[in-house]
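Below you'll find only one chain, the form predicted on its own, shown as structure tokens.
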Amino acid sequence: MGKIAVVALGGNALLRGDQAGTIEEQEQNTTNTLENLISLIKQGYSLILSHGNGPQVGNILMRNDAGEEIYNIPQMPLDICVADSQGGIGYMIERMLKNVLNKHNIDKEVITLVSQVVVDINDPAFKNPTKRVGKIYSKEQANKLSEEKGWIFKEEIKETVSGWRRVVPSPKPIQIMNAKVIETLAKQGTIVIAAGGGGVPVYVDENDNIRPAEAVIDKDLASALMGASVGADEFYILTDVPYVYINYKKEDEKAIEFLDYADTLKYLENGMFGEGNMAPKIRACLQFIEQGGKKSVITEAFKLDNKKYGTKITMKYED
């Protein structure tokens, strides 16, 4: 059996910021991204794919709002919305990937798993919600929703619009449910799409019942945990930059191709990766290495077939 690689598809792999978000745009973006996975498949890798869902689950939440306001349709909770997005995006990736595989005469099964990811209900994140979801409301609307639904809001200030936006907790993932199923399928050569959008957040109560958590989980942390849980060899985060940079967009900006664990941790602790963009990805890569993974890679999708590109993070420097 070849190596197992977990590949986390970034948000821009499916939907780009300058696009309207039509299904035609998302299907074309997805196809373009998946074409770049062919080189890994031809090298003998078994693949497990994850994906972001930020724009899509945001749209689902806004449809929730519209349905409630216009037709008095009850809102669905956040865990159902995340599961909804997992199914829809997973289906799209699965269908586009089958077409790409057929184009290259590669016979492989592809399957999507709607994945639950366990969090700790006592995680401090539940007392400090920070993840912004859904649309921007006026102060009056936010106050009303806060009173009616118990939602928490923070002010949102952008160039074109300002107002108040709902925030939810983003707890740390601690267990990927059905990890053994994912591992078995991957070892059989099936390409598995799982833990989309960080997975559906759930927790286990005092009676060992699985309960939904009104939260969202970081996609890269969940993907790293999934990789470690199934014994993956490598972990890839596909984003919109070819390398990791220290002091990004500053005068002393520097691209780095190789990093070992100790240096990466030092740079992270010294604040040399932006908290709003690269730092969470670096933490996910370090987590994967800590838990036994051999290599993490951060790069653009279309650089995958060129081993000279991308930042590689290992426990010790590669020879």
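One rule holds for the numbers: they count along the sequence shown, beginning at 1. Source: prediction; values computed, not measured.
Here the subject shifts to the form predicted together with another copy of the chain, a form of this protein not shown in this document.
Not one of N143, D252 and Q287 places a heavy atom within 4.5 Å of another copy of the chain in the predicted bound form. Residues with any non-hydrogen atom within 4.5 angstroms of another copy of the chain in the predicted bound form fall in just one of 96 to 104, 236 to 244, 122 to 130, 151 to 159: 96 to 104. With a 4.5 Å cutoff on heavy atoms, K294 does not count as touching another copy of the chain in the predicted bound form; it lies far away. Remark: A262 does not count among the residues lining another copy of the chain in the predicted bound form, judged by a heavy atom distance of 4.5 Å or less. Heavy atoms of R211 reach within 4.5 Å of another copy of the chain in the predicted bound form, making it an interface residue.
Another copy of the chain in the predicted bound form is not approached by D218, whose heavy atoms all lie more than 4.5 angstroms from it.
Proximity to another copy of the chain in the predicted bound form, defined as a heavy atom within 4.5 Å, singles out one entry of L113, V167, V118, A228, which is L113. For the stretch 194 to 209, the set of residues having any non-hydrogen atom within 4.5 angstroms of another copy of the chain in the predicted bound form comprises V200, V202, N207, D208, N209, in sequence order.
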